[in-house]
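One chain follows as structure tokens, the form predicted alone.
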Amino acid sequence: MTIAVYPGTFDPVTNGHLDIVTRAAKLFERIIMGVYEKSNKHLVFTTEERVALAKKAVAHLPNVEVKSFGGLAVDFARQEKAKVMIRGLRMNADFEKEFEMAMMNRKLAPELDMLCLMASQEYQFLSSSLLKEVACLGGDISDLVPEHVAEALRRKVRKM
């Protein structure tokens, strides 16, 4: 069985993330979405909230599970016995960053391959950071995230 990990902060999980994991779920027997516990990004949701939101978003995918992790993504992949790390690419800037990360990961874990899936056209612009900014400014994000995520983000924004 080929296991793949799809690591990220998923703060929050977007339809772009779901597009990548749904397509990856057709390629691998088991996918583990790894929700990174700590980040240098400003996180809106706690680790537990991000895991819960992601679990609900992928509940329809029987071969996808969600777990949190700390430390290096390659160590998480090893712990889960994954052979592949999934990443999504949106634009040129993503490619440069992901290429550097792939080379570092190859140095740290030569047995782990990285598979980059191009974001579908309708999600090329979408990032969690941009999404949170739009939500904070009262913009409509309802077609960019699952409904339960949109509602959770609206509740968070009201408290800010």
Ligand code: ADP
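Everything numeric here is computed off the predicted structure, so don't read it as measured data. One rule holds for the numbers: they count along the sequence shown, beginning at 1.
Omitted from view is the form predicted together with the ligand, to which the following refers.
Checklist entry - For Val145, is any heavy atom within 4.5 Å of the ligand in the predicted bound form, or not? => result Result no; Val145 lies far from the ligand in the predicted bound form.
Does Glu98 reach the ligand in the predicted bound form if we count a contact as any heavy atom within 4.5 Å?
Although the ligand is absent here, Glu98 would touch it in the predicted bound form, with heavy atoms inside 4.5 Å.
Requested in this report: Using a 4.5 Å heavy atom cut-off, state whether Arg90 contacts the ligand in the predicted bound form.
Outcome: Looking in the predicted bound form, residue contacts with the ligand include Arg90, since a heavy atom lies within 4.5 Å.
* So, in the predicted bound form, is Lys26 in contact with the ligand at a 4.5 angstroms heavy atom limit? -> Lys26: no contact with the ligand in the predicted bound form.
Within 4.5 Å of the ligand in the predicted bound form, do we find a heavy atom from each of Tyr6, Ile20 and Ala119?
Yes, all three are in contact.
Between the options Ala57, Leu126, Ala135, Val66, which residue brings a heavy atom to within 4.5 Å of the ligand in the predicted bound form? By the 4.5 Å criterion, the partner-contacting residue is Leu126.
With the ligand left out of view, choose which of Glu37, Asp94, Asp113, Glu49 has a non-hydrogen atom within 4.5 angstroms of it in the predicted bound form.
For this set of options, the contacting one is Asp94.
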